[in-house]
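As a starting point, one isolated chain is supplied in structure tokens, in the form predicted on its own.
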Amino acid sequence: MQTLEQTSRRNFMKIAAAASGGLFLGFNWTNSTALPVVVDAKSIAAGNINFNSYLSIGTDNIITIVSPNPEIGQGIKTAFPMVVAEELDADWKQVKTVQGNLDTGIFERQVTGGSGAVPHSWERLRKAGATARHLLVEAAAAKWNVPAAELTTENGEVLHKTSGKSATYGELAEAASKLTAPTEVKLKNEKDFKLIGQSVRNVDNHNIATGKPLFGLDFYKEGMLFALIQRPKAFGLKLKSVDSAAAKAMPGIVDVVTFENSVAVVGKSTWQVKKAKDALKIEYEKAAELESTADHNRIFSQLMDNGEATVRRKDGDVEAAFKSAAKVIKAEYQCPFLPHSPLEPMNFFAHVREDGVELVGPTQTPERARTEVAKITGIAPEKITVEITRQGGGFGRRLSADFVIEAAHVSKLVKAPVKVVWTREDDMTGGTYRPAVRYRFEAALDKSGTLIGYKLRGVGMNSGNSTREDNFPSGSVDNLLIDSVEHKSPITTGPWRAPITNFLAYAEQSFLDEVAEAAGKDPVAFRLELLEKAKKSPVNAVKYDVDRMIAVVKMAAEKSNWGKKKGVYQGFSVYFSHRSYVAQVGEIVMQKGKPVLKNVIAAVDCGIVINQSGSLQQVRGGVVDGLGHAMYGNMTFKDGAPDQTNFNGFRLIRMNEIPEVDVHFVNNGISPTGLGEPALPPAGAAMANAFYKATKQRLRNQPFVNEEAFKGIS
């Protein structure tokens, strides 16, 4: 038997293959250097000269650019440096990018969430690169005794074409760093961009493919202990008693400790700790109602009709409009709770000492992690360091800090460095879920098919405001009422990719198709009619850009050849979220008597596209994520406990079920807006509306696989 100890993932594969007698191809993984998981942005490399918080230039001409925001697969560690390198006129082949640690003194908004990183940092990043470029030019001008206006920059060099002189950035870096930085710098005209807008491979691709330790689960520090935590097995239970004698007696176990409502088993390896955790004898008692999915359905019905609603927006005389209507359309839509299910389960390292705290791991909100740990340890935030690893997915789950807090609690109790690791079952049953929501829509049409009244009520489970009252079609309907009702549930919820809009867009866009059909109008023409109304005679505030939405509607219709394909059933959807606009057309064909989704055409307005490659993957990933969860995603409960505990019970979309996704970007030259989330919300409705065209059956609830109309299709 071979012992595997602190080896790489690839070495694990090699040993496993040898042990089982399986085939192992002759790659020499053992020669791959194990790089540090985290690089400190303040001491990037010896000999480097720092120009500002975002970049340094070495005498070897290597330009190191720091990406301060956490990387969770959205490509920020590539996109941020591209923006800096563009204004710097750097040679991308000489650029090295590193993940910055938490430093509120030099960085702002070190958060990955809300698709807000690029919109927030776009101008800051450009100025960082432009400032360094200005200093390098000034240094060259002084060295050659020529006017700075005569100099140009290109591929990491300053050039004086008149004399033929040139110097690399590395040669000029020391002199340039001693100059006073200007308060204002001139930025490039977008038409002069050479790097931005190109396709650039993710800077971590090679390290990911070769198994370098980039992720939180890879992190290891000599002498650290491992901990697994037993949380209540149902939402609404609290800890009553713990018998840990058997667990403590098992090999490799250092301690068993309790804190808040949890029991932590601490030991020398995750496997030893897991076995000991299974040996715990724990009693719980009821602290709140133990809700089941059947209870949620009953609560939805009660609150929809009798709940105390909070009015979110009211325009005109809604009741009068419905009384005078020639036709009224009404429909309800419902979605379940959903786990985030990132590929990498939650984990975090903490070392709580008397003089400070060291935190290392995957978090979307490093400042929140530090703040929460400061509260429980009583240690000042400035004495707490947070190093950010790359993250194997987040989708909003790592906006929470519960797993960081757990690591700090355990480290403080056992007085040692500890890494808390969640199993997949922990991740799926003890997490924070996408809230379950039910919507009721009502529309009033006059004799000509004009939408004269619109109502939306949302009932959510711990969702806060389950509507987006100022999104389309608000502003385009004379008489409109949007309200919401909240149910407080013991089931914990939190942001899930494109919070609220991930289902609201599906429900709204499916309903608008029903209204268009009742009005006898083409779905695309109907939406354009509403948008023209919002543009020419808006009703109160219009808080979305009508022209940008019209543009993606028309582009999607054009690129899909809307309504003109024989044997293809098309469904339309458009949505605004996170400052961006996405329209999608789903295309279904009948194969052996069954509807099959073959294509999705997406038109996207996210402003200037920084990295074509990364942006395409963001849109395609969002579409697939939206479709997969709309079709299959389901989390049900029995007496407060989740029924689905691992991927054998939680259905995900499969490779052979993924359609072709054809992406088109609007080129309008405006500053970048969000992209990590906006492609997800419209996806489900594009498919559902196409499904109706093909089958004449509506899909009003998610997951589709539970709908009668969808039975037998998958």
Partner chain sequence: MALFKLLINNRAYDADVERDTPLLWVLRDNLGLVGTKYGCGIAQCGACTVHLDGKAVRSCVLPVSAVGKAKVTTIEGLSEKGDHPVQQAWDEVDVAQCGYCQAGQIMTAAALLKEKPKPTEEEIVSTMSGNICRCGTYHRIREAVKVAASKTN
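Numbering follows the first chain given and starts at 1. Source: prediction; values computed, not measured.
The form predicted together with the partner chain is left out here; the points below concern that form.
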Select, from the options 372 to 380, 415 to 423, 279 to 287, 485 to 493, the stretch whose residues sit within 4.5 angstroms of the partner chain in the model of the complex by heavy atom distance.
-> 415 to 423
Consider the chain as shown here, without its partner, and state which of W144, Y220, F259, F193 has a heavy atom within 4.5 Å of the partner chain in the model of the complex.
-> Y220
Which pick from Q302, Q198, T310, S269 sits with a heavy atom within 4.5 Å of the partner chain in the model of the complex?
-> S269
Is there a heavy atom of T152 no more than 4.5 Å from a heavy atom of the partner chain in the model of the complex?
-> no
Using a 4.5 Å heavy atom cut-off, state whether H206 contacts the partner chain in the model of the complex.
-> yes
Partner contact for F322 in the model of the complex: the partner chain, 4.5 angstroms, heavy atom | no
Could you confirm whether G105 comes within 4.5 Å of the partner chain in the model of the complex, counting heavy atoms only?
-> no
Check all three, E332, S577 and Q702, heavy atom within 4.5 Å of the partner chain in the model of the complex = no
For the heavy atom contacts within 4.5 Å of the partner chain in the model of the complex, list the residues of 337 to 355 involved, in sequence order.
-> H340, S341, P342, L343, E344, P345
